[in-house]
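Let's start with one chain on its own, the form predicted on its own, as structure tokens.
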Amino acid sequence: MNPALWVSKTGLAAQEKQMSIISNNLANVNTVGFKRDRANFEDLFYHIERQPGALADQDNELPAGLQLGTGVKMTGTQKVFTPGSYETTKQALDLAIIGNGFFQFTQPDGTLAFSRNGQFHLDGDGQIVNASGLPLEPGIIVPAETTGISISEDGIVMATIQGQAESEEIGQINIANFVNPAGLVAQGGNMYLQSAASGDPIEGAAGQGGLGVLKQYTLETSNVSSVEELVNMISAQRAYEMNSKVIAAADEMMQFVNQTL
């Protein structure tokens, strides 16, 4: 069997996965806090028929070898944590992190999940939660008599309570960062989980220790660039076409051999 068929087959499979990643990026172009994925590729092992530097004769060495590659594979995807755009809203519980860091949420099993999505809500108990109902960590309860909320850049939450002349501090929003954010496990729902690759979360007040600051009435949108993804899509499509043409060419070569020899 012509080895070009199998080499091109690996190219087709890799480009299919690349298109899947691009489609997911484009599908989430309007998802708050979404970070785009980037595909990583590497070439497969090589058949070395002549070793570079091997003896050509008693006095001479080969200046170059004969190494035949066997294709390509996708080694992984990488979250790109570049900042997205920032959108100003009129919601007091809309928060954006300007800089490094993640909001922390407590999952039903007690473990923490992390997100850049700062679109918060209040549940029936007045607790600040995300759209899935997961409470912010550390938890903050907003009194029922509250008429206004202000959140400072370092995360201090102040509530204006009916009948009180001065605002009252009701909590502190801490954020967390990781040594290697790209090692986080994407869970869906705009959430990430820590892994051995990400390291443990480094928690602190916003604006301290390299953490970003908070911006109220603001949301961080997706960092997906539609133009960049469309260019990547065209590139992947062309690469797929070229691999398929190699398969057709290899097939024609085999057909020629079968019919003429």
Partner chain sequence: MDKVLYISTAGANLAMKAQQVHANNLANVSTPGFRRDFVSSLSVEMVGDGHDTRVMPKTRGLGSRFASGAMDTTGRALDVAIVGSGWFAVQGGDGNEAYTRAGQLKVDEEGNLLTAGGLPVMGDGGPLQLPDRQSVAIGADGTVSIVPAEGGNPVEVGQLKLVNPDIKDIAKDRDGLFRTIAGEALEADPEVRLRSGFLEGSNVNALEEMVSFLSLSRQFEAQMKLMKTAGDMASAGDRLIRDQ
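Positions refer to the first chain, counted from 1. What you see is a predicted model, and the numbers here were worked out from it, not measured in a lab.
Heads up, the form predicted in complex with the partner chain isn't pictured, but that's what we're talking about next.
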Only one of 104-112, 69-77, 87-95, 158-166 has heavy atoms within 4.5 Å of the partner chain in the predicted bound form; I'd like to know which. 69-77
Only one of V213, A39, L219, V224 comes within 4.5 Å of the partner chain in the predicted bound form by heavy atoms, so just point that one out. A39
Is the gap between Q51 and the partner chain in the predicted bound form 4.5 Å or less for some heavy atom pair? yes
Counting only non-hydrogen atoms and a 4.5 angstroms cut-off, does A144 reach the partner chain in the predicted bound form? no
Look up in the predicted bound form whether S132 has a non-hydrogen atom within 4.5 angstroms of the partner chain, and give yes or no. no
Q15 within 4.5 Å of the partner chain in the predicted bound form, heavy atoms: yes
In the predicted bound form, which residues of 204-242 put a heavy atom within 4.5 Å of the partner chain? G209, G210, A239, M242
